[in-house]
Structure formats: C-alpha cells, structure tokens
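Take a look at this single chain, the form predicted alone, given in structure tokens.
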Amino acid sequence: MIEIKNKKDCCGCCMCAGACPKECIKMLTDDEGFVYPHIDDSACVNCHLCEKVCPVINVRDDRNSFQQQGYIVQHRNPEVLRESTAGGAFTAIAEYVIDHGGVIFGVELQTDLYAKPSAAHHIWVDNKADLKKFRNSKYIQSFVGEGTPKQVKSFLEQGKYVCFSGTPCQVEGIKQYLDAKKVDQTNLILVDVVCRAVPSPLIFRKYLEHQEKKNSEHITSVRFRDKHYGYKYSTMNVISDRNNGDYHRGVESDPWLRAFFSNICDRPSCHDCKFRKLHRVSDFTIWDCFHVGRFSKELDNDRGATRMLVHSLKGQQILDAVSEELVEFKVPVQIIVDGAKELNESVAPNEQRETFFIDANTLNGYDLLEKYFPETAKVKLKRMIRMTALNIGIYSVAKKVFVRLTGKY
C-alpha cells in the first residue's frame, strides 16, 4: 500500500489510482490545491501495484545504447509557430503519430478556468485540428486522472500508435505504469517538456479572482505564454468579456507570473525533483530556446524555437521522418544543455511559501495577491523599461546584454 509520509515524495501523477484493481485510491486535493492519493484501507488487497507504478519510489536510470542527440528546431508553418509556446516541435511529432492512425495525449486548458482539481487536464485527440488544444504552455499542474493511464494501455493493446506528453514526472509515471502492467510499448512515443515546477491550481483560481475584481470583468480564457510582443518577451494574455484580449503582461508585472517565478506556489515535490536528469525515459525532451542566435543565424530569432534531446532510435526515426516540416540544426548535446539549469536542478522554495498558503486559505484572491505581489512603483518602472526597449527596437539587444551579465534567460 502506498503511503505518503512526506509530500515531497508525491508528484501527483495519478498512476497509483489508475493501477489499483479495486479502485480504492482516490486523488484528493489538499489545502494547497495539489492532489494526493487517499486509500480506502478496507478495500485494499495489498497487491502493491500502487507502489510498483510510482515513479518517485522507482526512480530510473535510463541510459541506453542509443547515442543521445541534440537539435534546435522550428516549425515551417507560421500558424503553428505563432500558436506554439516555442518552436512547434511537438506538433510535428504529433502529426506523424496521427498520420499513422494514432492518438495524442496532452494537456488542455478547460473552458471552465475555475474547474477543480485543475483547469488543466490530460485528454487525448486523434485528429490534427484538435492539436491546437495542446499548444501554448499551461503554468498550472495538469490533472492526469486515474482514467488516462488506462486509456493509454487500451490504445496500445489495440495496436495503435500512442504519443503521451507531459512533465518529466508524468512521463516517467506512465512508463512505470505500462511496465508494471506488462504492456507492449513498441508503438509508444513519449515526449517530456522540461519543467521549472508545477504551480498550484488553487493559486491560479486566486489569480482569476484577483483579475476579475481588479478590472471588473469576467475572464473567459488565458494564454500563459503569448507572443504578442515576440518570443523573447512572452506575456500572460488574459481574455475577458470586456477587454477583447488586450491584456499582455510579462513576468515583471503580471501577478500570476510573478508568483510562479518566485517559487512561492510550487508543488513540494518540485523542490526535490527526482526527474531532473540528462538521460530520460522519453523519446524526446523539448524546451525553450530563447538564445537561438547562439546556434543558428538562419532561424527566426523572435518567433520561437525548440531545443530537443532525442533519447532513442525510435525518436530519431520519427524526427527524420518529419524533417520536411521543420527547420532543424544538429547541436552537440553538451552545448545544447549548457545553461539549462531547469534540466538538472530543482528550484528552491520561497521563504514565504508556508505563510503564503496559510493566507491563501483565508484571503480572497484580490487581497492575497495585493499583499504579496502589489503593483508597486518598482514594478511599474520595470514594465516601463521593457516596453520602452520594445518600442524603440532595442529589446533583443538589451536582453542579450542582461543574459550575459546575469546568466539568466
């Protein structure tokens, strides 16, 4: 029987609930907004499957005989590139799978942004038109649910191609689940997205409350990584019943981005992540490439690019097959991972994290974020500097100087 004594030891992947033959494990939300397994002891038969599928208990070393490869890629379709967080690499992989009669599992942002346990959840699609649901980052922990691993297993047993994408812990979780269930994984393609951390869905709902009260409007949708001002200054885009989508704020001034990047609302396991490593269980690892100019002058510098690690022969064969859809450059692995701390290092928790969540359970969203992330004169000045640099056309140069001086991207 799985038992969570320390919350750092659960990543919320839901594989234990999906594996339980008696369905006696339920994923319930704690007071921080994160899901954890709760077991009905009276129904448990001590089969230990929940322990066998847990990726945290069974941390893997996934080095294999394949020579890991590194690439910088950018999708040739401008619409795909515009809608994607980075360079549109995942779309090319997903379209390959669909062309072979397969299905894609990814994260969709629900229409109901206040949905519990999370506005972001895993779904599957089998047509190219629906791939747009997976584009753009979702800066909240997605809810996999106990049904998703069962669906992946079912499709594989039908002989279908299946592409599963998610955070490294979710991807390693589905791999562990399928191994424990002894499922043939010949047609399985795994894509993990390099993850800084997963913030709380509860705090995201508080953010919605804050924005709606502050601006007297009803929020209908959001984009966490909008390219309105270009890829190098991606912003939080809030669409409401009144603003026609005309809200674009960056990490220096948007309360949600400020909370996320301050590490004040992350899942506890993210501060001691077991899945930050160079060699991974997936076929592909993908993440941002803001400094694409270091690798290629041919790629559009401000429309988005994807850094990619290929971990398997299967992954390499798929990348070769979709090469006509992508502009790609091979880059030595040791160079492509240089400076990518999020690949190997966990973020440290904010010193105010504990008191922040105590307040989150007593204050409304407006009061909470005004207390911790008020729009001070300093915040306004930072935004003014960024916007001025954009308007006079020196933002890219200024950011390049900033990166060289600070080592931050």
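Residue numbers run from 1 along the displayed sequence. Bear in mind that the values here come from a model prediction, so they are computed numbers and not experimental data.
The following text describes the form predicted together with a small molecule, which does not appear among the structures shown.
**OP:** Tell me the stretch among 201-209, 152-160, 283-291, 234-242 that has any heavy atom within 4.5 angstroms of the small molecule in the predicted complex.
**Re:** Within 4.5 Å of the partner lies stretch 283-291.
Original post:
Even though the small molecule is not shown here, does Lys277 get within 4.5 Å of it in the predicted complex, heavy atoms only?
Top reply: Contact check for Lys277: no, nothing within 4.5 Å of the small molecule in the predicted complex.
Original post:
Quick one: does Tyr177 come within 4.5 Å of the small molecule in the predicted complex, counting heavy atoms only?
Top reply: Close contact is absent here: in the predicted complex, Tyr177 is far from the small molecule, nothing within 4.5 Å, heavy atoms only.
**OP:** Examine Ser137 and determine whether its closest non-hydrogen atom to the small molecule in the predicted complex is within 4.5 angstroms.
**Re:** Heavy-atom contact with the small molecule at 4.5 Å: present for Ser137.
Original post:
Heavy atom to heavy atom, is Phe90 within 4.5 Å of the small molecule in the predicted complex?
Top reply: Answer yes; at least one heavy atom of Phe90 falls within 4.5 Å of the small molecule in the predicted complex.
**OP:** Kindly confirm or deny that Ser262, Asn350 and Leu369 each have some heavy atom within 4.5 angstroms of the small molecule in the predicted complex.
**Re:** Checked in the predicted complex: no contact with the small molecule for any of the three.
**OP:** Could you tell me which one of Val194, Ile98, Leu113, Val251 places a heavy atom within 4.5 Å of the small molecule in the predicted complex?
**Re:** Among Val194, Ile98, Leu113, Val251, a heavy atom within 4.5 Å of the small molecule in the predicted complex occurs only for Val194.
Subject >> The single option of Glu375, Asp359, Glu342, Asp30 touching the small molecule in the predicted complex, heavy atom within 4.5 Å >> reply: It is Glu342 that has a heavy atom within 4.5 Å of the partner.
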